[in-house]
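Just the one chain here, the form predicted on its own, laid out as structure tokens.
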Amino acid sequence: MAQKRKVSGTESTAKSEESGEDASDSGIELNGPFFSSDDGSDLDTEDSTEGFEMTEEEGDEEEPDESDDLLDDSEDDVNLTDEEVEALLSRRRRELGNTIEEEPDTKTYPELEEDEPNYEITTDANGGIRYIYKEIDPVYDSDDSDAPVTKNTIGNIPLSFYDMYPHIGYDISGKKLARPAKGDALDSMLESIEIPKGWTGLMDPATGKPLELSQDELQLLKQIQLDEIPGDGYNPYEPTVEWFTSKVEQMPLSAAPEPKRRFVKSRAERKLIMRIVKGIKEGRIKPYKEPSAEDQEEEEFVPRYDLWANEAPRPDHIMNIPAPKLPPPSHEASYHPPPEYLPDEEEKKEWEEADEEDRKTPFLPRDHSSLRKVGAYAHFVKDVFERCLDLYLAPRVRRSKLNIDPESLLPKLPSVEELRPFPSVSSSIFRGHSGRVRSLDVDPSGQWVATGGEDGTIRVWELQTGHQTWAIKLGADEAVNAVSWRPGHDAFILAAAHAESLYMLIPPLCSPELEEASHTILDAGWGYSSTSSTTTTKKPQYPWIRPSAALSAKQTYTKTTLRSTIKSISWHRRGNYLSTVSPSGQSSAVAIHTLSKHLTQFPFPRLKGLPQTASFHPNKPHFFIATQRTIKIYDLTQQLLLKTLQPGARWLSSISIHPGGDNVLASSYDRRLLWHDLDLDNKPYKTLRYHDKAIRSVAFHPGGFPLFVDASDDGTLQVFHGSVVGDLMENAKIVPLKMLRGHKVTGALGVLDVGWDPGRPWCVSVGADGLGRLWV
């Protein structure tokens, strides 16, 4: 039960559980003008001025104390001020050897907690009171993530000072920080767990623990490695601040005039020099040290030999070359030359403006009336030095030189006349397209040629006469980017790419039997698609459909639409498969279509690079894909990458496979034609540069002639002889044959596509001028 102070000052004892006194001393709980009552309500100022009461617990007896007399000066009530009460409490505090918490300055004071003290009171060496505080043990019972992290507080003291101790420092509470595990214990622990994210393998010098990086620090390091901007608001191209001017200002440090002592000889130095001269004359100062008697005796016994005493002249080498002599001076070097050797003003100006190496003479002739008026030569030392260099570097022995004709080092190429036949002149012109002609292809029989243009039409021409026999318009907004005939003589099918759609057409130019066989091949896919649709509930993503009635009436039978624009078409040698390339299609850029099943597949969803064109191997199940910078070769049966060719070009435009299958031609937009031999390295065997602008297309002759041709934006075609033999010890022979000119450059574009007649050495080309040409 609590006690109260009495205004009358009866008895006052302090019971303190914190000081550890006997239980007979009763504790006190203060109520006054700066304290709160038991029920938590603040006492009024008027009540507090009447003093404070002290009540005793029933049954307790208190021993008399001297301090009680201080409060009980009389039995009457006494009003005490706050200063007097504080003085009495301070005196009582000193007597008990304990501290009482000071009263707060506010009008209210919360209830004091009766906790045990965290210190012990002892006596120091001088007899005073010494407080020894216990170690603070902070406890965080909550799951708050904002709890402070244990940090070493040793400051800049190196951790090597703690090598002899089991701890490495102290935290903010004064607790010792244990040394982290090292050596075998740490290695075994790391082997049993995975390496955490942010692990660096370094040690934090402040804590001695492994240094781990935060997520922000890891992201910053990743951006620095990728040469990205480290953070928001950072500008790597800040304007240059000219902290120091680049102009050199010539000015003295002081504007004061030069003192006279800098121009007049020093008198003190003159006296010093005279004393030294006088000492030398008198013999007191000697400029060198005279040898002693011992040195003179030792020098007499030193043997000396004359290396050139008995030297006999040796004859010159049989191939010796005497030192070159200077030519005798001419009239120009005379001090009084004839008037015709004196230069005029223009010749003087020309000589002065010319470089020293380009001048005919190192000096200008001048006329002097007498020899004594000739001045000193300014370049005398330089000329003597160069003369010495000439003598030093002059050859001394003749050496026989090999006389080799540079032309003999070049390989012997066969004559162009020996390499005939090859196309050399334009025979027919195909007119009819209203815009650029994008693509062409000659049918396997060599009778017809199909072209596709930007006007959205497909036209079939008779090859030899250039007469248009059939045409169809697929659309007016988009261009026909590619046309290709199905290989083989068992069908007459033409594939065409218009925007994102792939069409299969049967032009009415063949025999009824051949047309019926073509219908049978295309209709087989409808039966397969209907059968597969009934067995499987999943519909194909890119179905083959029949075109509109207007296109069907013009011999168009199938249509399939992809995601992006189709740029190239390539058939398999059997005619049942064909591939299309859409450079902007990403995962669906390269598609393989099955004609007998009306099925479209995308076997290369993760192809790296931007695909440009693709082609099948002539006799193996290999597939070539030309990306922007590389050519990848895949095995379709094993479904793996066989080889990657590195042409070294910036942007490939097209490829062509040799009928033998061991050589690949690649053209690029950076004006290079590259020949790859698959039996050699992945680098080009030959790099040909014969054009001034980009090369759009390249093609090997498919019928066995050793010819290939390329088409360029400069409006020309270059025909080459390229013979390949079966002997692995002999390389391919490449000879340029003919430059074909005839197409006009329109809108910075020239010849866009080129193709060969399968059975004759004829080639066909189309260009941006809207024309097609047959070269024979």
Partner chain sequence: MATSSSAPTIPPSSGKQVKIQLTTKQLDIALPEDSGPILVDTSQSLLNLHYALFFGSKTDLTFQISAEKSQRIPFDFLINGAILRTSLDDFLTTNGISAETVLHAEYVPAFVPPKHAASFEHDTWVSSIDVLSSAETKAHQALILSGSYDGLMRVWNTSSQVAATSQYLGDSRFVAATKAARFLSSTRVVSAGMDRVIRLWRFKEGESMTDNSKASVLHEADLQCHNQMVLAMDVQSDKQQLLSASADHTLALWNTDLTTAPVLNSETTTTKRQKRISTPAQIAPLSTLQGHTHHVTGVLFSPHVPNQAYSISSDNTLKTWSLSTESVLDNRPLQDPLYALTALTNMHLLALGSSKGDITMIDPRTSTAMIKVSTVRQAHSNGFVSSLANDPGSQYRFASGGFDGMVKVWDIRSLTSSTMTIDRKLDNDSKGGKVFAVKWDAEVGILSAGEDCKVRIDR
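Residue numbers count along the first chain shown, from 1. It should be emphasised that the depicted structure is a prediction, and the values quoted were computed from it without experimental measurement.
The discussion below concerns the form predicted together with the partner chain, not included here.
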Location of the partner chain contact in the predicted complex, chosen stretch of 664-672, 360-368, 324-332, 507-515 [non-hydrogen atom, 4.5 Å]: 507-515
Contact label in the predicted complex: residue 279 to the partner chain, heavy atom within 4.5 Å: no
Residue 756, heavy atom within 4.5 angstroms of the partner chain in the predicted complex: no
Non-hydrogen atom contact residue 452 with the partner chain in the predicted complex at 4.5 angstroms: no
Residue contact check: residue 462 to the partner chain in the predicted complex, 4.5 Å heavy atom: yes
Among the candidates 153, 223, 644, 469, the residue which, in the predicted complex, approaches the partner chain to within 4.5 Å (heavy atoms): 469
Contact assignment for the partner chain in the predicted complex, among 561, 424, 587, 200, heavy atom within 4.5 Å: 424
Sequence-ordered residues of 742-776 touching the partner chain in the predicted complex, heavy atom within 4.5 Å: 757, 759, 760, 762, 773, 774, 776
